[in-house]
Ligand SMILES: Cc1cc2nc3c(=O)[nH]c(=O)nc-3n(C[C@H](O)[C@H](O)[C@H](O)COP(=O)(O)OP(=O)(O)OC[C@H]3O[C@@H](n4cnc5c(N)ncnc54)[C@H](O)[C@@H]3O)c2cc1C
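A single chain comes next, written as structure tokens; it is the form predicted on its own.
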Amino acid sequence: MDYLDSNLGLSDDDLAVREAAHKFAKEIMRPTAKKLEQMTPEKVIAEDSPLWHFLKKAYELGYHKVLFPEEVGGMGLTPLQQAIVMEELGWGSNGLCIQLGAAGSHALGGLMSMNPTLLEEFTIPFCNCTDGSIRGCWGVTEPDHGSDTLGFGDPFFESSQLRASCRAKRDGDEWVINGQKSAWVSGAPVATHCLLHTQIDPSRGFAGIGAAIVPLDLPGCSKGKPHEMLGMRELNQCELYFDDVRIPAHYMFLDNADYYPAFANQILAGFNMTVACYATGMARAAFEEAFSYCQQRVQGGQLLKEHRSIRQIIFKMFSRVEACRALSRNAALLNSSIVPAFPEYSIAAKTTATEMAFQNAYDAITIFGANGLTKEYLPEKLFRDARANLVCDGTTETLQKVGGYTLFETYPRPRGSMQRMR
């Protein structure tokens, strides 16, 4: 299996969970991702695509509900076990991980709402699904507003001059939704539901955001063409359009923009934590590929592992994996509850792990040389996937800005202010 797990306190249950997840990642995820990589976006979602076998198998084993508690039909894993499973799945295929994570978005919305009706209508059925027939997506980014929903502390954030592309108005016992979301909605081409961020109070700009669960078979919902990406090509994405889509009032579970910052913190804490765990698996995959190659490839009359410079690169890769693992598991321990309290830790884990995974993929190609640029070897795919992951759920720069804002808003001023030197 992997070279080492630095958490020597893993229980027998933890080890069994890890071994099962690794087997699934090795036998199902990697072969499926390799096949999907070679297909057009249209063929990835076609009826005969390997994607459907992957989803059915993942749902049968419960990997679509890793983050859900037993009370609603989830796996009931400990925070550490959740992180372990997500790391292994990230080792298998980051794109398919994002697909699985997105599939549960609407159900997580129902869970966060704590509304018994939404739990019964959306969350519990999703957790009980074993054939992959219920699939969510997360609609946030808009064509002209990439990260505006995370503009906390910026002057534009509460400007009434900024109108979102997707807006909703209350009409009696219903909300009416109009507008669109960008082509980057992960899992949207095959989604049956959407966790939708939409502007409900235009007078407050992007501070006037609400959130709803939207079944995508409602009249007025439509989808764009599946999008082709540089990396994570096994992950399908497309635009979503809403033309006078009517939903029952209770589907808009965040119907008061005053609570949007708290909701955003939950999203940042939970979703960034999962991406960090996936990225840890990717960083490990790059390390393992390079570590193995160094024991086979001969250069200058000796194995690569005998070269001092190679040993130095390998050790840096090893160190990054351990740093990613420590950060992501700590974020899971802090933020795996229904109401996460520490989004700054998840943001730190996500931005660090994705950057380190990209650096490990870069170093793996350096060690493989020209072989690393060919599709015959895994580092070429890892490099593209790792670069795509730096944009997933927010660029590093955007998330670090939000993290800095969170720190200054959350933590008190240190004792003793800075004084001018005399």
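Just count from 1 along the sequence shown to find any residue number. In this text, all values refer to a predicted model and were calculated from it rather than measured experimentally.
FYI, the form predicted together with this ligand isn't displayed, but the following is about it.
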(request) Assess the spot marked by Ile209, Asn265 and Ile347: is this ligand within 4.5 Å of a heavy atom from every one of these residues in the predicted complex? (result) no
(request) With this ligand left out of view, choose which of Thr351, Gln237, Ser113, Gln82 has a non-hydrogen atom within 4.5 angstroms of it in the predicted complex. (result) Gln237
(request) Answer with one of Ser159, Thr192, Ser165, Thr141: the residue that has a non-hydrogen atom within 4.5 Å of this ligand in the predicted complex. (result) Thr141
(message) Asp363 versus this ligand, in the predicted complex: is there a non-hydrogen atom within 4.5 Å?
(response) no
(message) Residue-level contact is defined here as any heavy atom of the residue lying within 4.5 Å of this ligand in the predicted complex; does Glu60 satisfy this criterion?
(response) no
(request) State yes or no: in the predicted complex, is some non-hydrogen atom of Trp184 no more than 4.5 angstroms from a non-hydrogen atom of this ligand? (result) yes
(request) Verify the contact flag for Gly146: yes if a non-hydrogen atom of it lies within 4.5 Å of a non-hydrogen atom of this ligand in the predicted complex, no if not. (result) yes
(message) Quick check for you: of 117-125, 299-307, 165-173, 133-141, which stretch puts a non-hydrogen atom within 4.5 Å of this ligand in the predicted complex?
(response) 133-141
(request) Taking only heavy atoms into account, state which residues of 359-392 are within 4.5 Å of this ligand in the predicted complex, ordered by sequence. (result) Ala388, Val391, Cys392
